[in-house]
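Just the one chain here, laid out as structure tokens, in the form predicted alone.
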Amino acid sequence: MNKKKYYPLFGLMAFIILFQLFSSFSGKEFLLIQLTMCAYYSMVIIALCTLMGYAGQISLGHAAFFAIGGYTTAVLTTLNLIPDKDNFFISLFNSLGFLSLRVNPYGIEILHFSPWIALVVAVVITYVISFIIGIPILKLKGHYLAMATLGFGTIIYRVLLGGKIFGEADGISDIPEFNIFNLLKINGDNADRIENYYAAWFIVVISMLLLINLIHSRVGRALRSLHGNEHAANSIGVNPARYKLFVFTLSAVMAAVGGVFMTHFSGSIGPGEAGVLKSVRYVAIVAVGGMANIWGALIMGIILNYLSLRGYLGSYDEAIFGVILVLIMLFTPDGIFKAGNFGSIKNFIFSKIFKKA
């Protein structure tokens, strides 16, 4: 077994620990908030990298899957079931421990679904939706596939924006914490930010471990063959439709899981999470890091999302991500972390600046 493939994981864990220690000893623990959010957004990025880089399928709708996960848990954990508590099914769910009772900030008792149940429902709904739309969409190629996924993302955005149950333009707030076995609470409280920081990155590390094993397995080799030449892969027994649908649903579920935990961490969610510009942002980050380089995508996801969340990009935030995507596609379509790209960019710049007349 090749153990070297796991070495970067130790580097990631060392970075996570060192950053927390630095922020704590320097009195800047508030920096952990943005890096915790980066972790949840990174779930979409590494999932999308797997889809684009290994299956060769571009998606401009993965922000929708993130939002589906977030809105599913938001609705189920804020829907007050007390008026229907005598209903047979509500009583059954309550007896099975599927429901939780809490008092909101306004002093009103709310009986709602447990965040654990909401997580399971979010995963199931996302899987079903991605499976259903994946069957026809993944038959398309190139810009037709991109337009189809863009259309799906737009539909989800408009449904969330106009749906009363989803809070319309205001979104949903007052989302309760995610209590993990009474040991950890996923929330935005300052007192719990170190625990939340480690919890978020633990999820990312486990996801990276899953993807590393997938990429280096028989399935991963089949996906790489699809990206290289779909017809050649089919001729040696690889079923393109089956593998593409598998990685599409997997990446959608991973994005939804990130959306669930991000929603509980922030305590709210709005329709902007499903916006087209969000999907463009994710694609741009994957393109910068490398289409078939989950580590490059993760690194650039941390850097660019952190700069954005800290407000360093200002009001030009979305425009900058669009420019980044255009530049990457023009000069280094394999991503800046691909070997030789730095030298190629340097040679191109110097040849233009110092070109002899």
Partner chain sequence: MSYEQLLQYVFSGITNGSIYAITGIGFNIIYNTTGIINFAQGEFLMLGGMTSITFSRYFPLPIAVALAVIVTAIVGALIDFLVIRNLKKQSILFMIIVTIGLSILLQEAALHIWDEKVRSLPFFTGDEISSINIFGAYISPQVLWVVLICSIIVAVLTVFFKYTATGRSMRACSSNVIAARLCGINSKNMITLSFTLSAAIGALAGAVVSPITQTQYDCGTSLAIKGFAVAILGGLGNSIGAVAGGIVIGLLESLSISILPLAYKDAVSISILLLILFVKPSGLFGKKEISALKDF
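If you're wondering where the values come from, they're calculated on a predicted model, not measured in any experiment. Numbering follows the first chain given and starts at 1.
What comes next is about the form predicted in complex with its partner chain, which is not displayed.
Looking at its partner chain in the model of the complex, is some heavy atom of each of Ser315, Val323 and Pro333 within 4.5 Å of it? Every residue of the candidate spot has a heavy atom within 4.5 Å of its partner chain in the model of the complex.
Choose one stretch from 76-84, 212-220, 119-127, 138-146: the one whose residues place a heavy atom within 4.5 angstroms of its partner chain in the model of the complex. Going by heavy atoms within 4.5 Å, the stretch is 138-146.
Answer option from Ile68, Leu60, Met300, Cys38, heavy atom within 4.5 Å of its partner chain in the model of the complex: For this set of options, the contacting one is Leu60.
Only one of Ile90, Leu111, Leu250, Val280 has a non-hydrogen atom within 4.5 angstroms of its partner chain in the model of the complex; which is it? So the residue touching its partner chain in the model of the complex, by this definition, is Val280.
Please determine whether Gly267 contacts its partner chain in the model of the complex, using a 4.5 Å cut-off between heavy atoms. Contact check for Gly267: no, nothing within 4.5 Å of its partner chain in the model of the complex.
Give a yes or no for Ser225: in the model of the complex, does one of its heavy atoms lie within 4.5 Å of a heavy atom belonging to its partner chain? Result no; Ser225 lies far from its partner chain in the model of the complex.
Contact flag, Gly272 vs its partner chain in the model of the complex, heavy atom cut 4.5 Å: Although its partner chain is absent here, Gly272 would stay clear of it in the model of the complex, with no heavy atoms inside 4.5 Å.
Heavy atoms within 4.5 Å of its partner chain in the model of the complex: does Ala319 have any? Yes - in the model of the complex, heavy atoms of Ala319 and its partner chain come within 4.5 Å of each other.
Could you pull out the residues of 146-171 that have any heavy atom within 4.5 Å of its partner chain in the model of the complex? Contacting residues: Ala146, Met147, Ala148, Leu150, Gly151, Phe152, Thr154, Ile155, Arg158, Val159, Gly162, Gly163.
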